[in-house]
Each structure stands twice: as C-alpha cells, then as structure tokens.
Ligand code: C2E
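There is one chain below, alone, in structure tokens, taken in the form predicted alone.
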Amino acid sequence: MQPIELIPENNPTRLTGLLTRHDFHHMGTKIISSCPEQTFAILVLDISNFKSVNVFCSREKGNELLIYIADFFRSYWKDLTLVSHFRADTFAMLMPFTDQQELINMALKIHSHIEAFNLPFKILPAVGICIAPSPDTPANNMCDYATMAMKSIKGKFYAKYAFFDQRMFEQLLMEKQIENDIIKGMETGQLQAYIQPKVDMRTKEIVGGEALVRWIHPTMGTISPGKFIPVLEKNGLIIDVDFVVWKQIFSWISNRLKAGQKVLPVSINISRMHSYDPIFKQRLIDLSGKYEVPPSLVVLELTESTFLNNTTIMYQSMQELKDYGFSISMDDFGTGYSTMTMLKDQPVNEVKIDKGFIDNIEDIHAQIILNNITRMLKQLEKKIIVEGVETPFQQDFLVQHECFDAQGFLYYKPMPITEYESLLDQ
C-alpha cells in the first residue's frame, strides 16, 4: 500500500490542537478511499448540557474540559486514526475496526473518561457512530450520519451511543425530499388549507373552525403533517408554509364577507419558529388590512412552546395583536410544565384542553383533574375548547360539567374548505 500523504490544509483548532472539521473531512476521505481492504467508522461526540459548564463553573472550566477531552482523543491519533475538534463541545474520530464491539468499547471509553472530569454536576455525553458503507463514501457524509445518530440520543441519560442505521437513512432521505419539494409545493398550490369545525356539543351547531395544512403531493399523494411539519420546523420553512395557509384563510373569509355569506371565526396556527421572525406580527396586520377581514374573525393559535421561545418578544407581539383585535388561543393546554405560568402571564383569550385529558375520562382521577381545570379556566374567564372528542361518553361528561365547545372526530374531521363552506351554507 502506498503511504498516505496527510497534510492539513488549515491550521488545527487553537484551543485543542486537533484537526479542524475541514481537514478531518479532507484527510478522512483520503484514508478511507486509499484503504479499501479496511473497514472504517466515524464517531461524533457532543455534550448535551455543555453550556451549563460555562455558565455555572466559568468559561475557563469549560475550556479545561475541552482540552481534557481533546487529550483523550489525541492519544489515539496515529496510523489510520484521525481526531478532530469540530466546534464548541463537538469532537470526531475516524478509526479502523474489525469488530463492531470495538466501536462500542471506544464510545464507552469516551463516556467514562468525560464522567471522570471533576464537575459539581453531571454532564451527558452522546456518541453517534457511522460505519463506512463503502470505500468511496466521503467523510463529511459519514459525519452527518454519525451526527444524526448522536442527536437521536442527545440528552438521554440512559443512552451513551447510537449507530446510524437504515431507519435513520430513510428518515434522512425523506427529510431531504421534503426540503427539495416543499418550495415547488408552495409555488404550485400543493399546500391546501383544510378546516376542522368546532361545535357546540349541546346543539351540534358549528361555532368556528381551525385551519390545518395538507400537502397534496403530485406523486406521493397526501403527506401527513406529522411527517413534514417537524422537518419544516427544523429548517425554518414552516414560517413560509404558515404564511401560505394564512393567506388562503384571509382570502376565503374576505370572499365570504363580500358575498354576504355566513362567516365564523377561524383559528390559524402560529408556529414556534415565528418567535424568531421579526415581521410575523406585521404580516398578520397587513393581511387583515389587505383582505378587509376584521381581526375578530381570526384566532391566533399558539402552543406553549411558542410562548417559551423569546418570551418577552412573543408576549409583546401577542399583546399588540390582541389590542389590534385578534383573539389569542393557547393550544395543547396542560402538556407543558409551565402552562399555569403562561396562563397567568400571557394575553390568552381561549384555552384548548389537550385530548390527553379526556382519552380515559371514564377514570375517576381523570374526571377530578378535568373538572378542576375547567372550573379554574371559567374563573379566569377563558373560553374553553376541548380537543379530540371521539365518544358520546366524553361529550356527555363535558356538557354535564359545562364545557360546551369542542373539536373531534365524533363530529367532523379536517376537510377541504369547499366542504366546510357547504356545512356553513346548509
């Protein structure tokens, strides 16, 4: 075998002296391709709560920990093994191996070494492992795969390592296809607003609706929001998708008003990513003005996590939108640890009780909890919507306890706007 020339193209990171990400990718790819008879893997290390070290112990202590980890990695930097300090608390190692247990042992050694570092609290290292599928696999791709495996266990105290597998690969392919297709989908009308009616359970009369997005893909058919919404929240495109749905709803309400037809308030979802969007508030105000839709006909529906991002900014934005005339609804009430604080501090008009509270409503403990929650909300003068009503027993219990408005499959599933129009016109 010809000797492999390993000359870094950039200087190693100043703090630890390990290879930079760029050099690691370049040199790693060269090693893997030059040794087709050898099997390689890349391990990526990340610490879930590393910032706590800098905040509670000092930045000097954080740097000391990074150097401590780097010294461990450096002890293996020889022959066909490479080590790198990517950034902050992220490290990587390329190593040859003959048995998968060698990789597991290395991950456990890394974990044990970091645990031995003297800190007043526990930190959680996570190691993702990717085995090179072929000698022509670029090291940067393997790093991405190992990182994906690492993120699947990051912050989980019971998991120390994870291998990149076929399931993760299929997930990655799906995410890439969603990212590639969503822009065209927005431009060509594939994203459609559906509406799920809200009803008064006493009379079964429709009292409003919630706008939900559906992606009608030309080749894959209808794609479940559960598949594409999390991907769009990661890459930020959910902001654009929300805006597409908002425009459809404002336009539809405007047309109904101009035609003198019946109109009821419709909720639109505000993704947590809008907490980073400085113009989302103005977008809503502009839509109300452009389409001549009174803001009282649009309910802004946010989950608790939306309020928790950039709390001060979101509070100010919601208060200003409420003052403008929009109603504010808190979705998934009761699913977060700080729900009560949010309810006390934020400008909320309406609360949507999560379906988890009524799934086992036959249980006496569930009944006690729900009864006290609804009583508290009434005392706070909040409008109540119960989500996920699916059985007559749930309906009867809720009505008996003076919860009258609900969404659920017992009444209607989300439907195209044309079907919702037909219901309103009957």
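We number the residues from 1 along the sequence you see. Given the structure is predicted, the values throughout are model-derived calculations rather than measurements.
If you look for the form predicted in complex with this ligand, you will not find it shown, but the lines that follow are about it.
Scanning 119, 212, 159, 80 against this ligand in the predicted bound form with a 4.5 Å heavy atom cut-off leaves one residue, 212. Listed residues 329, 269, 306, 147 were compared with this ligand in the predicted bound form; 269 is the one with a heavy atom within 4.5 Å.
Taking non-hydrogen atoms only, residue 387 approaches this ligand to within 4.5 angstroms in the predicted bound form. This ligand in the predicted bound form comes within 4.5 Å of no heavy atom belonging to residue 153.
At the 4.5 Å threshold, heavy atoms of residue 89 stay clear of this ligand in the predicted bound form, well away from it.
This ligand in the predicted bound form is not approached by residue 182, whose heavy atoms all lie more than 4.5 angstroms from it. The putative spot formed by 208, 320 and 325 is not touched by this ligand in the predicted bound form; no residue has a non-hydrogen atom within 4.5 angstroms of it. Residue heavy atoms within 4.5 Å of this ligand in the predicted bound form occur in exactly one stretch of 256-264, 276-284, 173-181, 223-231, and that stretch is 223-231. Contacts between 229-263 and this ligand, taken as any heavy atom within 4.5 Å in the predicted bound form, involve 229, 238, 242, 245.
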